[in-house]
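Heads up, the chain below is alone and in the form predicted alone; it's given as C-alpha cells.
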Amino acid sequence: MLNIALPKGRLGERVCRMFEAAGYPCPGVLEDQRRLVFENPAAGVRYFWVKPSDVPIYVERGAADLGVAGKDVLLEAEPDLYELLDLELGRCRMAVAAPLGYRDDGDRTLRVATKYPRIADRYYAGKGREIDIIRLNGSIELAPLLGLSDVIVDIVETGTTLKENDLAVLEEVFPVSARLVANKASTKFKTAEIEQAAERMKGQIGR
C-alpha cells in the first residue's frame, strides 16, 4: 500500500483529484473535512491530510511514501527526499517586492521580511548583498509599509495583494509549482508501485 501525504487546502484537493483520475480513488477523501486518514485497500492507497509545510517532513521520515509539496517549501526545508515530477499545479513565483518607487542604494544592510529565511539568505548571498532577515509568519506585505523592512521575499501569484498595498515586484527569484516527492527508502522497497504512480500522475498533467 502506498502512503500519500496530501497538503490541506485547494491545492491538495486538486492533487487528490489527479490521484483519483490516475487510478487511486478513495471514497470520502474529499467529502469528510474532519477525518485526516483515508484508506482504500482495493486501490492500494492510504491518504492523509497535513499542513503543506509538513509534507516534506512526513515523506523524508518515512511516514509517507509519496507527497506533494510546493517548490518553495522544498527549497526552504531542503529535505532529504526525491523530487519525481512537476505537477504544474499551483503556479506562482517567489519574488522580491517593495513599496512603489523603492530603490536599493546598497549603502546599508538591506532589511528583508520573509517566511522563507533560507531562500532569502541564499538569494542575497549569491548577489553579495548584506541583509538582515526579519522572519514573519503572516501579513508579510505589512512590514515595509510600517518601516519594519525595506523589502519582502514572498510568494506572488497574481500580484493583486501587492498592488492593493502599494507594493511592486522588484525581482523574480524562481518559479514555483507543486512537486511529487518520494521517500528515498520507499523508492527501493516499493519501486514498482512508486514508478507506476509517478507515470500515471504524469499522464494527468495538463488535463
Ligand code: PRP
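It should be emphasised that the depicted structure is a prediction, and the values quoted were computed from it without experimental measurement. Just count from 1 along the sequence shown to find any residue number.
Missing here is the form predicted together with this ligand; even so, the following discussion is about that form.
Proximity of Gly28 to this ligand in the predicted bound form: non-hydrogen atoms within 4.5 Å are absent; the residue sits far from the partner. Among residues of the shown chain, Ser53 is not one whose heavy atoms approach this ligand to within 4.5 Å in the predicted bound form. In the predicted bound form, Glu60 stays away from this ligand, with no heavy atom inside 4.5 Å. Among residues of the shown chain, Glu141 is one whose heavy atoms approach this ligand to within 4.5 Å in the predicted bound form. Comment: 152-160 is the region of 175-183, 41-49, 62-70, 152-160 lying near this ligand in the predicted bound form, near meaning a non-hydrogen atom within 4.5 Å.
In this stretch, 89-121, the one residue having a heavy atom within 4.5 Å of this ligand in the predicted bound form is Lys115; the partner itself is omitted from this view.
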